[in-house]
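Below, in structure tokens: the form predicted on its own, a single chain.
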């Protein structure tokens, strides 16, 4: 059994090995199906610890995993027999209200960033679950309720402090290492360990609105068609969504970030879709909106999901979406893109899917390992129904790191990303991710 003392370097932070108090908690991540045992978990206290961890892992020939929030469904943060760089101690957020910027450490969760910025009425695009880590979200793109107004989270990162494969601490921005800056905005964790994100903030206020109606899935085709038909052209504060639960209803709705009264015309459109089984129109704070899905997405359950980005949803695609109501388990959802996401040139960042109109996800959560194969198969089969209209996949939704899936995630950016990878990580030290091999 390894011992912390066996590492030929001292750390300011904590080093855990199998048998150490807290080791099992440290290796547990969001997806309860991930059960791997790193040789070392290094809970880094500062960027110098990260540099030392990368250097010593390379010296010992150990695979490196990087944990921010631990939300990767594939569990990339947990390297079997390797060295996990745990950034959870590096979780600070410093806000500069006059400059409308924040310095966010690499281990910070989205909830910490929102809590620090909202007292000033400021925010930037973040995900929809507050216990997600900013690192994985931003490096893969970063979609959330503000994306149609402000662009992706990666569009709002103006600088990165990153530890490279060579163990160097560098800054990447539009003016410093612009090739690396481009790649970090959508290229995933392929290029280093980001220890700090410098993020642009925006005056969005503190108010939001969630509006939803539940309809019988069997009778919902026309309503679904009408609702999504106006989704991409809706006002930018609105993000339309649809969801089908296995054995349950069709939910149609939207989230509005801004003064709730301004959303009244969209509420009226929603009400015109038909007589609902249930209607929910709820003004709430932006902070409460960001925490709304925390409990249903809590850590520990076994999970699997498949995803597509789609440009069009013809009738056959909507029929395939509604078929999820007949599934044994899980849910399927559609969320609107467009707006400020589409304003950005696809070549400006490594996130290439600016023409996507919707993100589709089919996922399930369960507890018994004996059900793994069946429930994974269900998700794959249902997602295949939308496959003919898929234009790619969001890299943060990649469940398996198969080459074809990775290529779909990076799309037109793939060749350039390989060239940047060759420059910054020619030995593929950072391989535990939706991996881009060096050119």
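Quick caveat: nothing in here was measured; it's all calculated off a predicted structure. Residue numbers count along the first chain shown, from 1.
Same protein, other form: the form predicted together with a small molecule, not shown, and the subject of what follows.
* Asked: Is the gap between residue 396 and the small molecule in the predicted bound form 4.5 Å or less for some heavy atom pair?
  -> Yes - in the predicted bound form, heavy atoms of residue 396 and the small molecule come within 4.5 Å of each other.
* Asked: Is residue 123 close enough to the small molecule in the predicted bound form to count, meaning some heavy atom within 4.5 Å?
  -> No, no contact at 4.5 Å.
* Could you tell me if residue 432 has a non-hydrogen atom within 4.5 Å of the small molecule in the predicted bound form? -> Although the small molecule is absent here, residue 432 would touch it in the predicted bound form, with heavy atoms inside 4.5 Å.
* **residue 297, heavy atom within 4.5 angstroms of the small molecule in the predicted bound form** => Residue-level check for residue 297: yes, a contact with the small molecule.
* Asked: So which stretch, 310-318, 253-261, 273-281, 132-140, is the one near the small molecule in the predicted bound form (non-hydrogen atoms, 4.5 Å)?
  -> After filtering at 4.5 Å, what remains is 132-140.
* **Position in contact with the small molecule when the complex is considered in the predicted bound form, options 353, 324, 185, 76, heavy atoms within 4.5 Å** => If I apply the 4.5 Å criterion carefully, the residue I get is 76.
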